[in-house]
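The chain below stands alone and is given as structure tokens, in the form predicted alone.
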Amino acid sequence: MRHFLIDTDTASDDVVALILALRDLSIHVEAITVVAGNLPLDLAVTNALHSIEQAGTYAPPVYRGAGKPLLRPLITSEFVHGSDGMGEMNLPPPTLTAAPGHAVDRIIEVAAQYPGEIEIVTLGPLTNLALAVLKAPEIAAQVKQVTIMGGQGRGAGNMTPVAEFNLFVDAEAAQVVLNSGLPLRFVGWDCSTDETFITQQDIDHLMATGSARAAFCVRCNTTLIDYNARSWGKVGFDLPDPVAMIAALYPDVIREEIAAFCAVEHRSEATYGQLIIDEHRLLNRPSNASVCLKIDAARFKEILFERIS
């Protein structure tokens, strides 16, 4: 049994990622830690609890973490995910409640509990993980793998021309993580915008299954569907967090990946949050991360659809 810890700023695509992870029999999610990002912290915690209830399997403890980035004001994305982060579903309060204690402390504790075994998947800004490695640098040697939904690969950003949202919200935290010695894999927004994109045909397929869980996963992304139509002229929705989650669960879905020295720009306002990838080793620096560039879209959708329906 593999041991996972998931750090999330729970909005609609995070919800799908949490549900599919909790329904995967090959892993056990030891904890879910929550960070402010897509949404303010309390709302992100509420949505994490809703996700557990919708998964219908088991209930890992959920911990509140950082309510703001390390140095900058919080930027949220209700304009993408809805005021509730769930496509304006306006759900009643969850029956589950958050666990006592802080997410940063729990990350440190779980790393020590499963040295060499714990796998961390981050679905939001890297504030919690940065604080954990600053407080306990030894976890870098205890963690087996960190899969980060963040960055833009070789492509454009979705918050600025060069920056993806998660890294843009707290670029300083991302650079702390890159400096930490943790084993890092970036799976960027670009990996969810090609054949992995959930089309109208995919939506119809999910709805035709008759699964209430599949319908929930589509419904909570309604605002994202509207946003994609307005902003990109695309019908359907991207699922960057589930793409990263499935890459962590099943690394064989990765079709192209490079190891490189990476940094996150955190000084320039024009390029703040950009993931810099020294693909051609121009800086003569050792690799500190791998960057996923291509996912097997058919395999991704096969796993996703099976887990949520």
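It should be emphasised that the depicted structure is a prediction, and the values quoted were computed from it without experimental measurement. For every residue, the number given is its place in the sequence shown, counted from 1.
Below, we turn to the form predicted in complex with a small molecule, even though it does not appear here.
Visitor: Heavy atoms within 4.5 Å of the small molecule in the predicted complex: which of the stretches 178 to 186, 204 to 212, 163 to 171, 127 to 135 has them?
Guide: Of the options given, it is 163 to 171.
Visitor: Candidate spot Asn47, Cys217 and Thr223, all three in 4.5 Å heavy atom range of the small molecule in the predicted complex?
Guide: Judged in the predicted complex, none of Asn47, Cys217 and Thr223 sits within 4.5 Å of the small molecule.
Visitor: Can Met149 be called a contact residue for the small molecule in the predicted complex at 4.5 Å between heavy atoms?
Guide: Met149: contacts the small molecule in the predicted complex.
Visitor: Using a 4.5 Å heavy atom cut-off, state whether Cys191 contacts the small molecule in the predicted complex.
Guide: No.
Visitor: With a cut-off of 4.5 Å between heavy atoms, is Ser51 one of the residues that contacts the small molecule in the predicted complex?
Guide: Heavy-atom contact with the small molecule at 4.5 Å: absent for Ser51.
Visitor: Looking at the partner-bound form in the predicted complex, is Gly273 within 4.5 Å of the small molecule by any heavy atom?
Guide: No, no contact at 4.5 Å.
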